[in-house]
Ligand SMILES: Cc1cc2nc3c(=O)[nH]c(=O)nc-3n(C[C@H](O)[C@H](O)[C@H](O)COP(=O)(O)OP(=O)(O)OC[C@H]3O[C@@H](n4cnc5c(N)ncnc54)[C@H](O)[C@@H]3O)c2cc1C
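Just one chain is shown here, as structure tokens, and it is the form predicted alone.
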Amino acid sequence: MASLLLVIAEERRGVIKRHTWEALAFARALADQTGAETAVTLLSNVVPDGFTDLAGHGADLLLPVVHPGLAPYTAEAHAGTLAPLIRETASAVVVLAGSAQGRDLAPRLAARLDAPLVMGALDARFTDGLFTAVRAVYGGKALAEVALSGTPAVVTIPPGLFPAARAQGKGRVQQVSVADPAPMVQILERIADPGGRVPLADAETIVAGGRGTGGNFAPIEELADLLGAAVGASRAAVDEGWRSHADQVGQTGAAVSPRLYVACAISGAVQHLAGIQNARCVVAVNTNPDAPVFKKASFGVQEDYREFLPALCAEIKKHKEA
């Protein structure tokens, strides 16, 4: 078994994304079992602030890859640059966050490297030299244990599952030179969300609505504004055209891992519950006492959200004023 576990870092506007800390925590726990070293690489046009701080969270080796053609992210340029780096470092495992970027990049890396791939690993270990991972199947109703015989093993982890931990690594920095990526696809413009809200994948708090809202998201928007939260929606609400697909939470939308998820008028189809299985606290607001979402909820409120949310907002305002 090779002795390096490589984490692919992500950044947004010059700031290391929290998914990177989580992926490093996963790799560090695995390294502690095997005595391997952990490395973190980041592909961008500049080295962002906080990259060297990853040493304080268990990174033994820091491999910044800087090139103007690597920002903004494109799958072709990143996969083409990372594949030879992974071969050169003889990494045993390549860890990516289960973010939109990680889920896009991981299969491409596995294909280029002719390597085995596990998406959404909940746990992992080495057994008789084989990398063995545990992942959820059937919408989270069962767990599958998968042993991978190839090297490297490419793995993504669900966001929010492995909180960042303090563990001092060696923190050696090694600059990496790469050839011009020359991507065939170029991003000409990025259009920010006009609402200026936190993206669902990064949100610590999400207030979401479903079919039962009838398209009335005003109380949900008000609560989200007070909490500094993102606004989510069930597939039914998106299919009705009430919200954009970017707001969709679930198996066919975003898998989220907030500290608080408030589900308003969402019945709780299995696909939606699979998307919030890593939420730490779920508050369900629904008039139907038999709604499946109550089985997932930490707290349940059997009320009409159009009456409950304004009352809740009023109390929050009072608390803020005090």
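Note that residue numbering follows the sequence shown and begins at 1. Bear in mind that the values here come from a model prediction, so they are computed numbers and not experimental data.
Although not depicted, the form predicted in complex with the ligand is the subject of the following passage.
**Student:** Given that the partner is absent here, does A71 sit within 4.5 Å of the ligand in the model of the complex, heavy atoms only?
**Tutor:** Contact check for A71: no, nothing within 4.5 Å of the ligand in the model of the complex.
**Student:** Would V249 show up as a contact with the ligand in the model of the complex if we use heavy atoms at 4.5 Å?
**Tutor:** Yes, V249 sits close enough to the ligand in the model of the complex that at least one of its heavy atoms falls within 4.5 Å.
**Student:** Contact with the ligand in the model of the complex for L42, defined as at least one heavy atom pair within 4.5 Å: yes or no?
**Tutor:** No - in the model of the complex, heavy atoms of L42 and the ligand never come within 4.5 Å of each other.
**Student:** Indicate whether the ligand has at least one heavy atom within 4.5 Å of a heavy atom of T34 in the model of the complex.
**Tutor:** Judged by the heavy-atom cut-off of 4.5 Å, T34 is well away from the ligand in the model of the complex.
**Student:** Taking the ligand in the model of the complex as the reference, which of L61, V283, V47, A269 has a non-hydrogen atom within 4.5 Å?
**Tutor:** Flagged contact: A269.
**Student:** Looking at R103, R197, R108, R211, which is the one with a non-hydrogen atom within 4.5 Å of the ligand in the model of the complex?
**Tutor:** If I apply the 4.5 Å criterion carefully, the residue I get is R211.
**Student:** Partner absent here, but in the model of the complex, which of 252-260, 23-31, 61-69, 47-55 has residues with a heavy atom within 4.5 Å of the ligand?
**Tutor:** Going by heavy atoms within 4.5 Å, the stretch is 252-260.
**Student:** If we check the ligand in the model of the complex, which of the residues in 228-249 reach within 4.5 angstroms of it by a non-hydrogen atom?
**Tutor:** Going through 228-249 in order - heavy atoms within 4.5 Å of the ligand in the model of the complex - the hits are S234, R235, A236, Q248, V249.
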